[in-house]
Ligand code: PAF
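In the form predicted on its own, a lone chain appears below as structure tokens.
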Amino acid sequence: MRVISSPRKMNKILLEEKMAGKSIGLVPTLGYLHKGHIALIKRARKINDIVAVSIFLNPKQFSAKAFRKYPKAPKQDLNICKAEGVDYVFMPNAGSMYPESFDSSVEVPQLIGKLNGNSIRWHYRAVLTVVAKLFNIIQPNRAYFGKKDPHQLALIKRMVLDLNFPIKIISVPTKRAKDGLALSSRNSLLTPEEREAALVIPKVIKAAEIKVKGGSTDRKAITKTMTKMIDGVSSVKLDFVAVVDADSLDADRFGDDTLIYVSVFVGGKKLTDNRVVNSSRQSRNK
């Protein structure tokens, strides 16, 4: 396993791998790897000749306070990558990704504001910009993302389509703890009391799923019930809930799948989770 910090060197090495006829699978991460990331790596390892993992805590997608508090464990991350057979780990610093002259960004205006409620809207612009940079540096054939953030996934897929990136986006179901909480690096920051409070998230999603599978099409009524459940837990602050068409993220459109999405703050830490419910009355975890 090789660890590369220079964007230019990473690009040169992986272009040579592609010219040699090898396929490349990319797993972009913020670091502090957990079982969810491992699932992405394993998926990439199955069908790609080369697996690259990027570990870059992108400062542009966080507030200064959130960036400082985000958990970090670079040695542990590298050990996990080595154990999972990763070929290349790309670990750039902020200066190499965003030199002083940097002045570009990527947006998908039509989708970017649909699900982010009261969250800071520049977040997704920063996400798309860094993902576009990673795609250009690493030139993967396939890129792997978890399904925990459907808004992010929809934006990345649209960006790839609109900007003609020759990359296949592969989404992998969310890994969960035994108590049902979706795995997230931020979970490590929760106190025992906050973690107990956070369990309202899977409960709210399950309640909404039952209504949707029961044939309810009154999305406003469902979101009202979800909001009431969250407001009943004093230490959990609602960001937003949504019950929308899974493809378009449109609350007024009814396609084959309905997305149930919850975003909250627990002790100041943002946690999200979701589930897609199929019109055939079968659900699958995101």
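Just count from 1 along the sequence shown to find any residue number. Source: prediction; values computed, not measured.
As for the form predicted in complex with the named molecule, it is not shown, yet the points below apply to it.
- [ ] Specify the contacting stretch among 102-110, 80-88, 176-184, 125-133, defined as having any heavy atom within 4.5 Å of the named molecule in the predicted bound form.
- [x] Single hit among the candidates: 125-133.
TODO: Give a yes/no on whether S171 approaches the named molecule to within 4.5 Å in the predicted bound form, heavy atoms considered.
DONE: No, S171 stays farther than 4.5 Å from the named molecule in the predicted bound form.
Task: Heavy atom of F165 within 4.5 Å of the named molecule in the predicted bound form - done: The answer is no: F165 has no heavy atom within 4.5 Å of the named molecule.
TODO: With heavy atoms only and a cut-off of 4.5 Å, decide whether T258 touches the named molecule in the predicted bound form.
DONE: Contact check for T258: no, nothing within 4.5 Å of the named molecule in the predicted bound form.
Task: Q152, heavy atom within 4.5 angstroms of the named molecule in the predicted bound form - done: Yes, contact at 4.5 Å.
Open item on the list: Please tell me which of L249, M229, A39, L30 lies within 4.5 Å of the named molecule in the predicted bound form, judged by heavy atoms.
Closed with: Partner contact (heavy atom, 4.5 Å) among the options: L30.
- [ ] Report yes if all three of N58, Q61 and F145 come within 4.5 Å of the named molecule in the predicted bound form by some heavy atom, otherwise no.
- [x] Verified in the predicted bound form; spot residues all in contact, yes.
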